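One chain is shown next in structure tokens, namely the form predicted on its own.
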């Protein structure tokens, strides 16, 4: 850091598995990526190329290389996995991962209907090739999944080979873990945490008030995802109690 302040929470250092930050790239240019990694590489752990944006992204291989050269792994959003699966092209999906030398993949079923045991089979198969992140929750705001089902699915996916499970929120933060207003479904989160270790969960939290809520609940080293590139440093100040929303929260930290 640029100077010394007392009573700042200790952040885990890269490579980390706790205090993990996943950034969503929804279409940055190569030049924007170069600027982004110059300013933010120390704070971002992985970048997701949102949903299926990789299909239409210009100079995709060169863009991935900029992230990789900065020590930041990249993966394609789970919707791309679903797009291949629904078209009976799973083997083609594996070839795409290999073509771009990706070390991570996301398995989700937020846009398609899939028996959960089938989803776990995909996780098991992919986990032999790459590190798997699997997403739980629906992108349909009208589909409310009870807490016990979130827990069952997260547990089964971790057992099938997921490195971490992701709590669904979409890029807007208005489904899954959240109500359509963006308010956290507090009871859901608290019930999940009674059964699933917090270091195994990445909470999608694109909105500032959601990030603040999770930092206050679980501390500076909570795993958060779907962070917009321009919100990464602001999030880091929330984690450290250096923004008004968490300013008093860590003052007792030694």
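Small disclaimer: the values here were computed from a predicted structure and weren't measured. Numbering follows the first chain given and starts at 1.
Only in words, not in the display: the form predicted in complex with another copy of the chain, which the text now covers.
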If we test each of 68, 200, 216, 26 for a heavy atom within 4.5 Å of another copy of the chain in the predicted bound form, the one that passes is 26
Partner contact check in the predicted bound form: of 118-126, 179-187, 151-159, 91-99, the stretch with a heavy atom within 4.5 Å of another copy of the chain is 91-99
Please run the contact check for residue 104 against another copy of the chain in the predicted bound form: heavy atoms, 4.5 angstroms, yes or no? no
How about residue 191: is it within 4.5 Å of another copy of the chain in the predicted bound form, going by heavy atoms? no
Contact flag, residue 138 vs another copy of the chain in the predicted bound form, heavy atom cut 4.5 Å | no
| query | Applying a 4.5 Å heavy atom distance criterion, does residue 210 contact another copy of the chain in the predicted bound form? | reply | no
Across 43-63, the residues having a non-hydrogen atom within 4.5 Å of another copy of the chain in the predicted bound form turn out to be 43, 51, 52, 53, 54, 55, 56, 57, 58, 59, 60
